[in-house]
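To begin, one chain is listed below as structure tokens, in the form predicted on its own.
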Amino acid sequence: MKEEASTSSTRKRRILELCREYLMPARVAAWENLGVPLVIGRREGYRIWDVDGHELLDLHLNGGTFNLGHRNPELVELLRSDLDRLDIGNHHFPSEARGELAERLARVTPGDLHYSVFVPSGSEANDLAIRVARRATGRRKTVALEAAFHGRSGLTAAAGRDDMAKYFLADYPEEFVQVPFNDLAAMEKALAAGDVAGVLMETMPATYGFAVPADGYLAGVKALCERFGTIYIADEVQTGLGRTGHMWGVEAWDVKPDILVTGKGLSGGLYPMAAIVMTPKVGAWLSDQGWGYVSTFGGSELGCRVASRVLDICSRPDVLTAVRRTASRVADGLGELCTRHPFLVGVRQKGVVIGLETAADLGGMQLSRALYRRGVWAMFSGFAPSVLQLKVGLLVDDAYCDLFLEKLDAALGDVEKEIA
């Protein structure tokens, strides 16, 4: 047993040093300074294990990438089977796998969304959505939320909080405007000149701690877009695929976007997949220019097969019913914890999309570290470190919920003792 522990420890040190030397020195240092030197080894269902053997309930899910669990058996079996006959395919030509996925997306998305384009990541999908909105309107400006995160590739870094765009001298202040969340007056002012191509809207700003839209806010933004001829782009990378108890987050607020962006969970955690889905009007460019956008790896036939099954699973009535039931159970548990822990001052929740508000500026980080020690991995919010994100899986059972609530109870107690 001691020999196994020593081997694991040696392996972990080697991995950390390789990544420190050749890959992500600042990130390795940041996690070590926080007291979370996690190196993920084994993973299964909604649990992960550090290579040193430390077991963790996964309440981060890498932004919802693992909505259906790590290495979901149904998806793994499908992918293994398809490897006997498929590869990524050739993006220049029609494909059964791509065609079937596009048809499924048209059927399960709200409103009259119809055409799809596939890319390998949500960041690339948002980047393409910005360009498509420009093409559809003949305008260049994009409005996003100050608290939003849409990726850091190409145009997306300049949308929302643009600190990293400025870091790489890739910000475009004349073309990208940021407005406060839940402020319709500010949105109207930004759109009033009639020169905005698209509003890029996270349904619940994830990196800001899953702030919940006020009643009428999203519908009000959509109405303003229609009034001023602006494309409404729903970024559903983290709130889509059943996480709110609806197939898509915008459906919880009865909004029908002009473009919907999906990613992360669309991959099943097994093959990089993301997409934009457009109305016929917005996607008309696909009939004019067959090569307006191309991606060698976007719409891999293997990935499309996995993504089609993901849509099947997430849209099953029993799955969505179970998500709502889990959300209710978790809400009850969190409400009870709020009565006993002064450090927990509020809960933001829609379905299993949850943000825990704490009483300290860096409280989300403190609670994240305490949970790690107790055997739970949940990520603090990058733009609001007082808030801890809780991303509960779609297929968790009652025992799992009760266990993580028990561990959260203990971790809250740990933090309160530390700051007392």
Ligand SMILES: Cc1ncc(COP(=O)(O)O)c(C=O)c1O
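None of the values given here were measured: they were computed from a predicted structure. When you see a residue number, it is the position in the sequence shown, counting from 1.
There is another form of this protein, the form predicted in complex with this ligand, and it is not shown here; the text below is about that form.
Asker: Please tell me whether any heavy atom belonging to T326 falls inside 4.5 Å of a heavy atom of this ligand, as the geometry stands in the predicted bound form.
Answerer: So T326 does not count as contacting this ligand.
Asker: Examine S300 and determine whether its closest non-hydrogen atom to this ligand in the predicted bound form is within 4.5 angstroms.
Answerer: So S300 does not count as contacting this ligand.
Asker: T142 versus this ligand, in the predicted bound form: is there a non-hydrogen atom within 4.5 Å?
Answerer: No, T142 is distant from the partner.
Asker: Spell out, yes or no, whether the shortest heavy atom distance between W248 and this ligand in the predicted bound form is within 4.5 Å.
Answerer: Contact with this ligand, no.
Asker: Report the stretch among 117-125, 342-350, 94-102, 304-312 that approaches this ligand in the predicted bound form to within 4.5 Å, counting heavy atoms only.
Answerer: Only one stretch qualifies here: 117-125.
Asker: Answer with one of P213, G151, G209, G269: the residue that has a non-hydrogen atom within 4.5 Å of this ligand in the predicted bound form.
Answerer: Residue within 4.5 Å of the partner: G151.
Asker: Using heavy atoms only and a 4.5 Å cut-off, determine which of R161, K222, K264, R135 is in contact with this ligand in the predicted bound form.
Answerer: Looking at R161, K222, K264, R135 one by one, just K264 meets the 4.5 Å heavy-atom criterion.
Asker: Within 4.5 Å of this ligand in the predicted bound form, counting any non-hydrogen atom, which residues from 236-253 show up?
Answerer: Heavy-atom contacts within 4.5 Å come from V237, Q238.
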